[in-house]
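Quick heads-up: it's one chain on its own, the form predicted alone, in structure tokens.
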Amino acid sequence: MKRFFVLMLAAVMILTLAAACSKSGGEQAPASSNQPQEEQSSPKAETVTLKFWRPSGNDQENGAIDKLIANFEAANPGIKVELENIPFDNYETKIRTALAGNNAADIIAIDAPTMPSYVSAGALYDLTSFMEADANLSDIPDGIVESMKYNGKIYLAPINEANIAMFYNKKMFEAKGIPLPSKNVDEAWTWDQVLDAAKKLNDPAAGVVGIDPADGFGGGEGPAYFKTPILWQFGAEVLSPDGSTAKGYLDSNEAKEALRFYQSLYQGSKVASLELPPDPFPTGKLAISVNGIWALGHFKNNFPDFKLGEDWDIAPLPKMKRQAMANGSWTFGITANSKHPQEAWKFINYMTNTEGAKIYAEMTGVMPVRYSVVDQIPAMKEYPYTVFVGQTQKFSRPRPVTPAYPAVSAAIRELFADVGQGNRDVDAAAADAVKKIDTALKSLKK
């Protein structure tokens, strides 16, 4: 019942946003009648102020955005960008509340999978003509371009991407005589090969867990980001091509095969553990870990004696019937009621095109989206970044593109927890997940 009210609340919010955002934006106020007559007859060009909201980042990210704003304002003296960094935990609430009240910023940062819910509410400006004219779409991998679209139109502009791969303890592999996985993204191991290695590495007596296949059982968006690719890798889909149902897709034979394999890691061979200590991989308690590009900095800063290339290495994500990984990071959009969409686009285009994106990547160390930026940063063409970049460019795809994505994400999280933690019957768990998603999809049509 609680989940039902959550879904209903989401639907009400979307309808509220739609009503608020469908109101046309007014023109700028005319010059005050108190000004001298000669100024009214020949008004001076006024500075356009753009409000820009984004969730607070780390010092490097915040510094990079400040640098981009300063560069842009210096080159465009008629435009001022007013930045507000909002605490992450409050960001989504503030955005939705402001959109409903028709007082949101001109430019907002958006986590790509949530974009359709904003578009369906009429809250985002259609960037298609801007992107096609100015953004050099051929410089962006097709899979990422698709993650920016809803109903064939582009609403977001990307600046960087995240990525996950298979981290493995090299010394443990060598001690067990296990051949090392290839670093070539075109030579990914199968999940069967990974399972075979995990069985040999799993050592409960020594406190070593064979594998953490998909970032444990946390909350938020992490589970869907890590676990949806397992479904894809086994040949399954979450939704129908038109996004109207999960029936026949999330409960397909391919999806159930993926879920049973995942379940077997915990409940069958027991090479995965339901509970792990903090930082199990760099402390030698975990042999294989599916982890993100962000872990590179964490290990380097906090475990300097755990050295890449000596103690551990990185290989592409495992595959079965195909290779696949999820894309879609934080991006930029223009609110539908912005009075300055042309100027807002000018700033977004500077941030996300080659010059701005290169500055951002160099200052933050994140992985760029654009081929042109990757080509200008030597580190991105060297291991280990070649694993992450190669997967993004060749095998990445959007998570399900639907206004009901929050419900889809929650259903995926609960489904994998049910079969992994709870050892629940896969058929029953998949049927429940399908029902939750289809209920959410139907509620959007009412």
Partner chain sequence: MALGKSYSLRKSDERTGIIFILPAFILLVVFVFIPMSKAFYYSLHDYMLVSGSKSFVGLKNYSALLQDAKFVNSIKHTFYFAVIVIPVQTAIALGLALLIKPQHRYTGFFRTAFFVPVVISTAVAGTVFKLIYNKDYGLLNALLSAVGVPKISLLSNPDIAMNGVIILGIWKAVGFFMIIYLAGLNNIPQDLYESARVDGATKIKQFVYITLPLLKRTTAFIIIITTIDAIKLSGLVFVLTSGGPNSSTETIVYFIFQTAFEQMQMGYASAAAFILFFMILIISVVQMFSLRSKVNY
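These figures come from a predicted structure and were not determined experimentally. Residue numbers count along the first chain shown, from 1. Rigid core: the largest C-alpha set superposing within 1.5 Å between the two forms.
From this point on, the text means the form predicted together with the partner chain, which you will not see here.
Exactly one listed residue, out of 93, 151, 138, 301, brings a non-hydrogen atom to within 4.5 Å of the partner chain in the predicted complex: 93.
A single residue from the set 83, 180, 276, 308 has any heavy atom within 4.5 angstroms of the partner chain in the predicted complex; that residue is 276. Interface residue remark: residue 61 is not counted as part of the site for the partner chain in the predicted complex, having no heavy atom within 4.5 Å.
By the criterion of a heavy atom within 4.5 Å, residue 417 is counted among the residues contacting the partner chain in the predicted complex. In the predicted complex, the partner chain lies farther than 4.5 Å from every heavy atom of residue 48. Contact annotation: residue 285 falls within 4.5 Å of the partner chain in the predicted complex, judged by heavy atom distances. Residues within 4.5 angstroms of the partner chain in the predicted complex, judged by any non-hydrogen atom, belong to 113-121 and to none of the other stretches in 326-334, 188-196, 113-121, 312-320. Shown without its partner, the chain has 93, 96, 97, 99, 100 in segment 72-111 as residues with a non-hydrogen atom within 4.5 angstroms of the partner chain in the predicted complex. Annotation for residue 263: C-alpha shift under 2 angstroms between the shown form and the other one, rigid core superposed. Here residue 103 counts as shifted, since its C-alpha moves by at least 2 Å between the shown form and the other one after the core is aligned.
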